[in-house]
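One chain follows as structure tokens, the form predicted alone.
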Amino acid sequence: MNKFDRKQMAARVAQDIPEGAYVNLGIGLPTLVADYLPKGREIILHSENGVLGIGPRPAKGEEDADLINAGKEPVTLLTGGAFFHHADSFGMIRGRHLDFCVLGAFQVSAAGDLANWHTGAPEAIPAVGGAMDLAVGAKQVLVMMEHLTREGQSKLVERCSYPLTAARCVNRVYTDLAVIDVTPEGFCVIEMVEGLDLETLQRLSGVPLKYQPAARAA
């Protein structure tokens, strides 16, 4: 079965971010989106540790140890970018000045609940951190994750079994198999990887799915 690789997933998310958007990219997989934003489209990237105007990853050997994102990864700063105290950064989040945030997840429920910080594993990070602020502060929450766990269990669920980061906050989910909107009626598939049919995706997901392919520009 075909799957999107991580770079293809990042490029697919980047495609949906419009001109002029202020966007936070969560730790881990979502940080890849910065490298695939369409050239010529002005998108302002924010990091909760206090950076606005993040550019692509620096070339090897050109990293600046003092310029990092919230995941402690080196970043670049575009012309006009700025860095500031993290309290001001969270003021931007809580004041709903971010148009989008892109977050990873362990589970997303049919109601749009997000669980992305704790699975019960003893080595897991012991606190929810800034994800809860982003999940309720951003105007739209996009989730980027693999469709199945390593054990083959769906990360799309009727009800989250892990502790919630935030309730009813997710707008759209991008996986290695499909792009799925969260609607008042539940999950609605708008796009699938080439060669995958809805029946197979339904079986893998284990939750009710509707299918309404997105209209493509001519």
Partner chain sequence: MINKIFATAQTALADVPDGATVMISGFGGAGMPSELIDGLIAQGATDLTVVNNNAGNGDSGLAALIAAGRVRKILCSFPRQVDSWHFDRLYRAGKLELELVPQGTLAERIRAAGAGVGGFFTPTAFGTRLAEGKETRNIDGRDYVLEYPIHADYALIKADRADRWGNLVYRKTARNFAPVMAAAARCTVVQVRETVELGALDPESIVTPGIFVQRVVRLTPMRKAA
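In this text, all values refer to a predicted model and were calculated from it rather than measured experimentally. Numbering follows the first chain given and starts at 1.
What follows is about the form predicted together with the partner chain, which we do not show.
Exercise for the section: Report yes if any heavy atom of L32 sits within 4.5 Å of a heavy atom of the partner chain in the model of the complex; otherwise report no. Expected result: Contact check for L32: no, nothing within 4.5 Å of the partner chain in the model of the complex.
Problem - Contact test in the model of the complex: D133 vs the partner chain, heavy atoms, 4.5 Å - result: Close contact exists here: in the model of the complex, D133 approaches the partner chain to within 4.5 Å, heavy atoms only.
Handout entry: Contact label in the model of the complex: T165 to the partner chain, heavy atom within 4.5 Å
Key = Close contact exists here: in the model of the complex, T165 approaches the partner chain to within 4.5 Å, heavy atoms only.
Exercise for the section: Examine V128 and determine whether its closest non-hydrogen atom to the partner chain in the model of the complex is within 4.5 angstroms. Expected result: Yes, V128 is a contact residue.
Handout entry: Non-hydrogen atom within 4.5 angstroms of the partner chain in the model of the complex for each of V51, I68 and H118
Key = So, yes: the whole triplet contacts the partner chain.
Problem - Interface stretch in the model of the complex with the partner chain - options 189-197, 175-183, 148-156, 43-51, non-hydrogen atom within 4.5 Å - result: So the stretch in question is 43-51.
Handout entry: Sequence-ordered list of residues in 80-97 near the partner chain in the model of the complex, where near means a heavy atom within 4.5 Å
Key = Contacting residues: F83, F84, H85, H86, A87, F90, R94, R96.
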